[in-house]
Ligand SMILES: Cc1cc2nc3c(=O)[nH]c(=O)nc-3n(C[C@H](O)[C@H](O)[C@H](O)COP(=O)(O)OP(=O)(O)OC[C@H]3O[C@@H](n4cnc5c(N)ncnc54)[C@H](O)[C@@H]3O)c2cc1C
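Single chain ahead, written as structure tokens, the form predicted alone.
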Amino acid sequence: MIQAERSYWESELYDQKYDLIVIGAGLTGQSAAHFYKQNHPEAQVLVIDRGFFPIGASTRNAGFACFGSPTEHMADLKIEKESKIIDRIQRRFNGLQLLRTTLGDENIEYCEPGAYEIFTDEGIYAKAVEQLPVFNRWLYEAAGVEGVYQATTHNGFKAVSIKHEGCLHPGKMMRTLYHKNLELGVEFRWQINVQMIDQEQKILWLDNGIELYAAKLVVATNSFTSKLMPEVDIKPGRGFVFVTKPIKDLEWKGTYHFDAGYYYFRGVGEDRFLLGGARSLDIDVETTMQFGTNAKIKYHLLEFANNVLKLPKCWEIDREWSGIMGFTPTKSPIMNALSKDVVLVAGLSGMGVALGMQLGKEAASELD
């Protein structure tokens, strides 16, 4: 760490009390800064992040613009009331619309091919089809859209088609939002580790000995929230993803779900294939804040691609990575005003693309 005295000029610039500091430069945090700055153009807004760029899940997800598959809804019913699930679907659906209108479809490479959930178990498929009228009612109540889920077949599998689902480029999503924030005058500090927060005084102590002062504060650290606030019940969940080299005659070109959302796969570009998930196979090990590859899960996904999806022979992985998500016990996100000047927004439970901007906007409104 470089140790140097603060110059007069630096003190003039940096020794100040910001109107708003946002901890976390992912989609949720940058969205909170964006909408607050829009509402308060003269405000001094600072976003800080511990990475060189956002390193949680915002740029490391699979790029699904989705609101839930039938078996995910079935699993959610075991841990959450129906009204809460409908509210969550509404937030997801509205969040995607807000994301698209704010950033622009072309800027984020958004497309809407629809999606499929595929099934290999006849019994689970029958139960899912039986519930489709209920789930279609939920989407109508949440978003005013009809006939979203339909029983069908796809690529030789029993399936449920899902209208209005899409996909996008997470990197371009975050780059577009970052540039819009710079144009608004939002400031950023990267590679900043917050050691402690004084919520009452809105003081941040950083690991380099610097203190930052704010009039208002948004904590948008998702899976890493417990490091700063151990009392918050959010568990991390690591997700493994890979993208292949170009595959000739690739049949899986849309977006797909399998097994309550634990598996997800899609076409990328003209002829690449993305596959990720399966953390349910080793859930305890994958409940971690550590990036990396679980060999057991990677091997299983390779077997899934070859023996279930039957990708053409001799395909190869081009790039693989992991992202860290944050899960609440019921999967409903946390958006709490800890005081009139401090808001916590976290626990997006694997739906950050759909929920992040909407929750960020809600956090900004909470501070008005």
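Throughout, we count residues from 1 along the sequence that is shown. Fair warning: this is a prediction, and the values are worked out from it, not measured in the lab.
Another form exists, predicted together with the named molecule; not displayed. Remarks below refer to it.
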Heavy atom within 4.5 Å of the named molecule in the predicted complex - the one residue of Ala75, Leu132, Leu250, Val241 that qualifies: Val241
Ile21 near the named molecule in the predicted complex, any heavy atom under 4.5 Å? no
Would you check, heavy atoms only and a 4.5 Å threshold, whether Gly56 touches the named molecule in the predicted complex? yes
Would you classify Leu281 as touching the named molecule in the predicted complex, given a 4.5 Å non-hydrogen atom cut-off? no
Looking in the predicted complex, any heavy atom of Leu98 within 4.5 Å of the named molecule? no
Taking Arg50, Gly63 and Met325 as a possible spot, do all three reach the named molecule in the predicted complex with a heavy atom inside 4.5 Å? yes
Go through 151-159, 109-117, 79-87, 189-197 and give me the stretch that gets within 4.5 Å of the named molecule in the predicted complex, heavy atoms only. 189-197
Residues in 215-231 with any heavy atom within 4.5 Å of the named molecule in the predicted complex: Ala220, Thr221, Asn222, Phe224, Leu228
